[in-house]
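Just so you know, structure 1 and structure 2 below are the same protein chain in two forms, each on its own as C-alpha cells.
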Structure 1
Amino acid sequence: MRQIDAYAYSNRISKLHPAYKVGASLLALVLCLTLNRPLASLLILALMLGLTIFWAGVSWRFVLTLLLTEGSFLLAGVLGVAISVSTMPDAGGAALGPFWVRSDAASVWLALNLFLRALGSVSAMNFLALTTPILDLIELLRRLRVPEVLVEVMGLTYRFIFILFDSLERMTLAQEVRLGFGNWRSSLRSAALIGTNLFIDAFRRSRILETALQSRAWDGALRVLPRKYNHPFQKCN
C-alpha cells in the first residue's frame, strides 16, 4: 500500500487534474463492463497498462506484479465458472475420486470472457490508484459538492492509516524481540495484544489530534486551501 501511495505522488502525471484521470478510468471501466467482448477487454487492458507505464512512468515490474497478484485472485474466482464439480455421476464428466469434474467449451469461453473483463476493469482502477494521490480524489469529491463531513472523515482516515501503520510496525517489532509470533499459539496471543493496543493507541491519538486542532483555532470544520493542478497539453511542473 505504501508503494502504491508513493507512486501516486511521484509519477509523471501526479499533478494532472484528477478529473481527467478519474474520467479516463471510469470510461475504461464502463466500456469494459458494457461491451462484454474479450477483444475490447484486452484492448482496454493494453491501453491502461500503456498509460500507466509509458505516460505516468510507473515501473513496469511493479505494475505487472500488481496485475499478476490481482489476476491470480480473479483466476481462482473464474475457475468455478469454467469447471463444475459434482458428487453425482455425470456422463460427460471425468471421475476424480468421489467427485465428477466437468467442463465444456462454452464454460471455458464464459470464464475467459469474465476473467478478461475483470482484469481490464482492474487495470483501469490500477491506473487511477497508481497515478492519483488519494488527496486529489478527496479534493475532487469536495469540488463535486460531496458533503463536507464525508470528505473530512475520508481525509482523516487516510492520514490515520499511515499513523497506525507506524504504530503497528513498532508494536509488531516489540512483540518479535520478546519472542512473540514464535509459534501458532504465541502468534494468536501477540496478534490479540497488538489489536487491543492499536485500538487504544488510535483512541489516544485521536484525542491528542483534537487538542492540536483546537490549538489552531479549529471550530469543527477542517478548512484547508484547495490544491492546484495542471491540465492536459500544459507542461507539468
Structure 2
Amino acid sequence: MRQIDAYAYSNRISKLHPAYKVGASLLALVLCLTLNRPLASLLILALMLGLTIFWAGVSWRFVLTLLLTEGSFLLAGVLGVAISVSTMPDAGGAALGPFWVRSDAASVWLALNLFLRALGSVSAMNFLALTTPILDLIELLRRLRVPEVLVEVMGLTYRFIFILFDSLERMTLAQEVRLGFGNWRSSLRSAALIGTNLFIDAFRRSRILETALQSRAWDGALRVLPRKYNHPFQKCN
C-alpha cells in the first residue's frame, strides 16, 4: 500500500492533469467489460502495462508482482466457472470421493475469457492507482461536483489506512518481542489483542482528529491548495 502511494507521487506523469488519467482508465475499463473478447482484453492489458511501465516509469518488477498477486486471486475465483463439482453421479465427470468433478471446453473458455476481462480491468485500475495521487483525485471529484461529504469521507478513510497500518505494525512488533506468536494458542490470543487494541486506537485517533478540526473552525470541508497540472502536449516536470 505504501509503495503504491509512493509511486503515485514519484512517477513521471504524477503532475499530469488527473482527468486524462482517469479518462484513460475508465475508457479501458469500459472497453474491457463491454467488448467481451479475449483478444481485446489482452490488448487492453498490454496497453495499460505499457503506459504504466514505459510512460509513467513505474518499476516493471513491482507492476508485474502486483498484477501476479491480483491475478492469483482472480484465478481462484474463476476456477469455479471452469470446474463444476456435484454430489450427483455424472457420466461425463470424474469421481473424487463422494463428489463428481467435471470440466469441458466451453467452461474452460468461459473461465479464461472472464479471467482476462478481469485482469484487463485490474490493469486499468492499477494504472490509475500507480500514477495519480489521492489528493489529485479528490480535487477532480470536487470539480465534478461530487457531494462534499463523499469526498471528505474518501480522503479521511485513505489517510486512516496508513495510520492504522503504523499502529498495526507497532502492536505486532510488541507481540513478537513478547513471543506472542510462539504457538497456535498464543497466536490466536495475540491476534485478538491486536484486533481489540487496534479498534480502540482507531476510535481514539478519530476523536482526536475531530477535536483538532473543530478547534480550527472546521465547516465540514477540508480545503487544500490545488496543484498546477501539466497537459499531454506539455512536458511533465
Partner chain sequence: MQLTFIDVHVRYPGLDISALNGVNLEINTGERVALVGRNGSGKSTLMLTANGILRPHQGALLLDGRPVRYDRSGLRELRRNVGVVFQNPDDQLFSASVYQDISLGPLNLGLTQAEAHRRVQEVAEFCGLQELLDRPTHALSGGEKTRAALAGVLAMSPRFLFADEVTNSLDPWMRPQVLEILDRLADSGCAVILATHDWALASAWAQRVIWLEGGSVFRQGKPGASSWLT
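Computed from a prediction, not measured in an experiment: that's the story for all the values here. Rigid core (definition): largest C-alpha set, two forms, superposition within 1.5 Å. Residue 1 is the first residue of structure 1, and the numbers go on in sequence order from there.
Undergrad: Eyeball the pair and call it: which is the form predicted on its own?
TA: Answer 2, the form predicted on its own.
Undergrad: Checking residue 167 here: with the core superposed, does its CA move 2 Å or more between structure 1 and structure 2?
TA: No, the C-alpha moves less than 2 Å.
Undergrad: Could you check, with the core superposed, whether the Cα atom of residue 104 shifts 2 Å or more between structure 1 and structure 2?
TA: Yes; residue 104 is a residue whose C-alpha shifts (by 2 Å or more) between structure 1 and structure 2 when the cores are overlaid.
Undergrad: Under a superposition restricted to the rigid core, does residue 214 display a Cα displacement of 2 angstroms or more between structure 1 and structure 2?
TA: Yes, residue 214 moves 2 Å or more.
Undergrad: Core superposed, what is the CA shift for residue 80 between structure 1 and structure 2, in angstrom?
TA: It moves 2.9 Å at the C-alpha.
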